[in-house]
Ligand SMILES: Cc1cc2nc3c(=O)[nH]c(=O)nc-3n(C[C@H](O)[C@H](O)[C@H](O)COP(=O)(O)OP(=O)(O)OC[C@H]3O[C@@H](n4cnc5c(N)ncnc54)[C@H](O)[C@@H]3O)c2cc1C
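Shown below, as structure tokens, is a lone chain in the form predicted alone; questions about how it binds or moves come after it.
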């Protein structure tokens, strides 16, 4: 064991995934999460291409597949419910519009937490209040009042990363609004949703319903164009009022979906945005996942970026002998082309919702880079307490 002490902020997907790999590489890992526990539910997220290989290398393929939504595919429908277009989860070898591995964000978070909870320290209901770094480490003061010193601190705390704002600057410097707002929440399955997602789009707005493993519930998905977004991301009532206002009169089954706004247990609404940064590290503090390179939900690649980023960041830090400058630099070099491809996909999807015609022949090479556009080093000379899982050698 190296004894390197690493603090990770955020316990959604990127944080626990990074904790898995840091621990396997010999670090002592603490994860701090401001919420009192894991957040259940959430949007369906996908793993495609190289991200599926990372899941296999983690030894979690069976657990992740057992928690899938098992969505068979998607139907695009008109206002009367007539099917206009169909996509199957079997398309493109499971890496198509509906991925073979599709799982609710909260369910994937639970799988990753269960995998790491015995070997990683989790601090729920707390957060980083202050930090100060020097050449040898980072002194952290938690909101609870405790103070500790770590060798490295990694922010995996999402689009609205508090650690990023603390170390790198205000969110306005890095967050790029793509002109759309997305909301989702679970509703009683009074709509007859089985294993097929239904999606209705009209003049830039959309309403959809997707199946859940609990067939008595369905997940509602709503989106609308918005050039500006000035509602506090923590003011739920204001968000619900905004959603009602912007979705009024859309048609299809939108009114029925909106009728459940006040009784849903898991409402979420936020801007469709990306995080664009020149670098993802400063001294001994680094960023990963949406905090560093959010590609937006429209890309379908955020989970892959988190999982692949976790593998590469832990591997490159360990390969560099835990030297932050060398480790962070190598991680950024490997990840950036993969990130940029996924961010471009996210921008194109928003443009297509606005009615822009896409040249699919030109787009397909970009899609391939977004799915498989990073090579996983095998880190053969790096410690790995779970090396029996397999090798990522290409």
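From a predicted model like this one, the values you see are computed outputs, not experimental measurements. Positions refer to the first chain, counted from 1.
Beyond the structure shown, there is the form predicted together with the named molecule, which is absent from this document and is the topic of what follows.
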query	finding
Candidate from 346, 49, 327, 41 lying within 4.5 Å of the named molecule in the predicted complex - any heavy atom	41
Partner-contacting position among 223, 71, 303, 116 - heavy atom within 4.5 Å of the named molecule in the predicted complex	303
Proximity to the named molecule in the predicted complex (heavy atom, within 4.5 Å), stretch among 208-216, 173-181, 288-296, 311-319	288-296
Contact label in the predicted complex: residue 32 to the named molecule, heavy atom within 4.5 Å	yes
Heavy atom of residue 253 within 4.5 Å of the named molecule in the predicted complex	no
Proximity of residue 77 to the named molecule in the predicted complex, heavy atoms at 4.5 Å	no
is_contact(residue 268, the named molecule) in the predicted complex, heavy atom dist at most 4.5 Å	yes
Heavy atom within 4.5 Å of the named molecule in the predicted complex - qualifying residues of 113-130	126, 127
